[in-house]
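One chain comes next, on its own, written out as structure tokens in the form predicted alone.
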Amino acid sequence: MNRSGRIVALVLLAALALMAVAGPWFAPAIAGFSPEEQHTAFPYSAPGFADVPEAHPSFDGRPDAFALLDPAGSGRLACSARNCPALEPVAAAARVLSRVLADAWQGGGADAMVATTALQAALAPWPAWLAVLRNGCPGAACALREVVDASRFLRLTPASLASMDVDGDGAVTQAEFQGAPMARPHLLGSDGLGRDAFVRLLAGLRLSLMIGALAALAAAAIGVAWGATAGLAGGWIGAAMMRVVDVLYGLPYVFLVILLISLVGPSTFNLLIAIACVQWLGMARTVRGLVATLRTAPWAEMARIQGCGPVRLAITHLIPNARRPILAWTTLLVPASIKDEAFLSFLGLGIQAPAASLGTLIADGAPRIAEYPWLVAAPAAVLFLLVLLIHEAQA
């Protein structure tokens, strides 16, 4: 690979690594949704479908929402972090309305129509709010998207309203009111529980990259220690140690991992250990050959004559002189570990819910790939790009 292509691969890989590290923090700010936030009324929404996050990072400043929330005209909405009586009827109306919207969504998706009779039955105790929702659709049905947008003021949470209390008197006035919460689009749609796919993708990228890097480092440490010991010992001891490696190489990889995870149980830590326990074999062979060759070099013989013991010789002379092949092999272990994690998580043997990785995201979307291909396409594309860039950057 030419120099310019390698630089591009390194830059893109650094960008992915930055997204993996900082993604879980800045993704909610971009999308407005948190990784665990569920909008069960709108499962499997397509990319671009707008909904109102529970944690509202911004408001639209529309003053008419204040009058809707203050039907008595008191000019104050009593609300604190612990007690928010002003939003008690709002929460009740929102719960009833969510059931109506969920039924409409199940019947026709994002382009469904909501029967006005269903809205009237649900919001009969709140005629003023019903009139707002029906504004612009005098017919027998209202567009679901319009109802979602018109009912944004009903999604105010006590925490968001209390945050508007500038003077801290336990009430929000018209001057302090920042408006109804803004609707935010699901950039990559949502999953079966209504969780934002973009936010979960970045969280899954971080976990997959972390497991891949840690498993590669652990496998490298085991392989270097085993290979260096076998190379220094030589004779029947070194041969016996390498026969163990050959036997493990002959066993099916999936069988080994399934056996390990079945013994200790599926978890993130156990998955990391299982991957490391099968990825060190190649490193051990490489290091054993390097150490066996380097230990006969004149400088190694001189160090041994001067009283350098085998452990010190390996740590201070042999392994440092073999650092380039070791670093190159370790780099190759990272994409291999990432692929292993994705494969095992896809089989249900890796990351467990509610945590997300690239493998679990692909597994969750696979049963409905014909209906919602974006749920599989996005994590699969990121996995492919991540592995490709690591290989290209190392080449």
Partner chain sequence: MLIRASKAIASALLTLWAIATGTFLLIEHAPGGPASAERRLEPEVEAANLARMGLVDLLLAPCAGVLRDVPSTGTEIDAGAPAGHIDGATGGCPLVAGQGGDVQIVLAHDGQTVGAGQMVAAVQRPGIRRYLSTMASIATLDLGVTFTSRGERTVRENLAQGLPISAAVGAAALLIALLLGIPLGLIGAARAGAWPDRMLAVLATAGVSVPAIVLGPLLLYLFALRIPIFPVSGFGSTASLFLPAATLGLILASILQRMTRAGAVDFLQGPVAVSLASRGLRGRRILLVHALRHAAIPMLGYLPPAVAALLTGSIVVETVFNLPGVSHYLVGAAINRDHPMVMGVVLAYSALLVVLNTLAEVLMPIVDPRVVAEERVPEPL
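Residue numbers count along the first chain shown, from 1. In this text, all values refer to a predicted model and were calculated from it rather than measured experimentally.
In what follows, reference is made to the form predicted in complex with its partner chain, a form of this protein that is not presented.
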Listed residue that, although its partner chain is not shown, lies within 4.5 Å of it in the model of the complex (heavy atoms), from Leu259, Met302, Ala121, Ile237: Leu259
In the model of the complex, the residue from Ala221, Val264, Ala297, Val311 that sits within 4.5 Å of its partner chain by heavy atoms: Val264
Indicate whether the candidate residues Arg243, Gly348 and Pro373 are all in contact with its partner chain in the model of the complex, with contact defined as any heavy atom within 4.5 Å. yes
Choose from 289 to 297, 250 to 258, 186 to 194, 205 to 213 the stretch whose residues reach within 4.5 Å of its partner chain in the model of the complex, heavy atoms counted. 250 to 258
Does any heavy atom of Phe384 come within 4.5 Å of a heavy atom of its partner chain in the model of the complex? yes
I'd like to know if Leu333 sits close to its partner chain in the model of the complex, meaning any non-hydrogen atom pair within 4.5 angstroms. no
Taking any heavy atom pair closer than or equal to 4.5 Å as contact, tell me whether Ile362 reaches its partner chain in the model of the complex. yes
With heavy atoms only and a cut-off of 4.5 Å, decide whether Ile7 touches its partner chain in the model of the complex. no
Listed by sequence position, which residues of 314 to 345 have a non-hydrogen atom within 4.5 angstroms of its partner chain in the model of the complex? Lys339, Ala342, Phe343
